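The chain below stands alone and is given in structure tokens; this is the form predicted on its own.
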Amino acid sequence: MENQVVEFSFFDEINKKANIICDDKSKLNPKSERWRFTPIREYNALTFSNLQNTNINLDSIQSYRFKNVILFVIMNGKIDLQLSDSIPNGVQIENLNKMAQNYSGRIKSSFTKISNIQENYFSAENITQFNNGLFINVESNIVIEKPIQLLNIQTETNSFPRFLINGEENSQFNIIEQYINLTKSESKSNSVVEISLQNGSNLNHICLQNGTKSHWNFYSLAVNQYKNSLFTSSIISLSGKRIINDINCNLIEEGVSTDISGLYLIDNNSHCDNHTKINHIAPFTYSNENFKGIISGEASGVFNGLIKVLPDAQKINSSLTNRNLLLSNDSKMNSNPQLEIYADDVKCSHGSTIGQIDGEALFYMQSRGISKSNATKILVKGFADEILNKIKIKSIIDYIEPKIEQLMRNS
């Protein structure tokens, strides 16, 4: 009983801090540097009532399952163990609330500490609504061949998923996050993923975001990496009215490697916002970041990527790239890759491009008998392939490619 009182006090204190942060609406100031290219003023005027819009049956859920995976279903932010596969040996997957009673030390060192609620308004907001998160722990020296698919299905107006993922020493595993929105009216999801990778652990992470034309998707991913760990991530934004991604990676000890890529497809009057920050804290660390956007109609996008190198992070190697392909004259993109370097023995590079389809390449292909529409498809597909080639799971590639073709048909 005493332990339960301690845990309640721990959560109660965090919740109190989160509510104070959320009461400060200046953090969503449309004129601030963080939000000046994002329609946050529109969001501030909205009210999302917690209504259920859509029913879904088991067969519909299984249709979203990828081949050869360990499936876990999260309905409106809450894990549904009745719709989940058996858990393999060496892996713990539990309700985050329940886990607190058995792993108090682990949760206190990670929960809300990796995703800093002081710096991330929506991570704090998630805490104020948090009541049923998911904890995943892969034990030392365990290799999980099958990917763990976290299928997030939203049928209600509001959804607040939260995941705490820990890879112990020398563990190897794959996580597929998939977000499916089935609501029929204005809706919102606010997801927070905190990941801790211990010495020598290896995580391949894929996030697939699929919303509706009236869906606001806020997604926060925060990672702490320790000695010789490897984190590879692909963030694929396929649809949604407003997509706001906040990604923060901390390379804390030597030998850490981080490779983050992203592909966003936006059309009509949609908006996609990617804010990323990679913190090189220790020497002899490596990071590579590559985000690409395909934008059509009157859609708009923001990429704001920061590589920060602290004074002790000597001998690091880092690369940051953002490239964007505009398929219409009305589409817009704001790209701002940045380097903030406080060490003097480093290799860092960054770059950004925004442009339309190469007219010369298009003309050349047409001169070889390829129709303009087919030539355009080939060039757009080739633009996306650099990101897609990092995804080694064929069923996921087969899921993404039709979305690219649909975007071109609508442009």
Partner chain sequence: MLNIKNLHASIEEKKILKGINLIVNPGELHVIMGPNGAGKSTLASVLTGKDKFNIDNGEILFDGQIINELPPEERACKGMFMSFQYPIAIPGVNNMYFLKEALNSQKKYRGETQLDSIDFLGEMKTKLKYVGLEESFIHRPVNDGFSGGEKKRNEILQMITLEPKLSILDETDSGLDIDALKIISEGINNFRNKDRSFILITHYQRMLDYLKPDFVHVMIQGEIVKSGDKSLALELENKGYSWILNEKVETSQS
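Numbering follows the first chain given and starts at 1. This is a predicted model, so every value here is computed, not measured.
As for the form predicted in complex with the partner chain, it is not shown, yet the points below apply to it.
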Subject >> in the predicted complex, the one of Lys67, Arg41, Lys347, Lys372 near the partner chain [non-hydrogen atom within 4.5 angstroms] >> reply: Lys372
Original post:
Pick from Ile378, Leu46, Leu58, Ile357: which residue has any heavy atom within 4.5 angstroms of the partner chain in the predicted complex?
Top reply: Ile378
Subject >> Touches the partner chain in the predicted complex: Arg368 (any heavy atom, 4.5 Å) >> reply: yes
**OP:** Report yes if any heavy atom of Tyr342 sits within 4.5 Å of a heavy atom of the partner chain in the predicted complex; otherwise report no.
**Re:** no
Original post:
Does Gly351 reach the partner chain in the predicted complex, with heavy atoms at most 4.5 Å apart?
Top reply: no
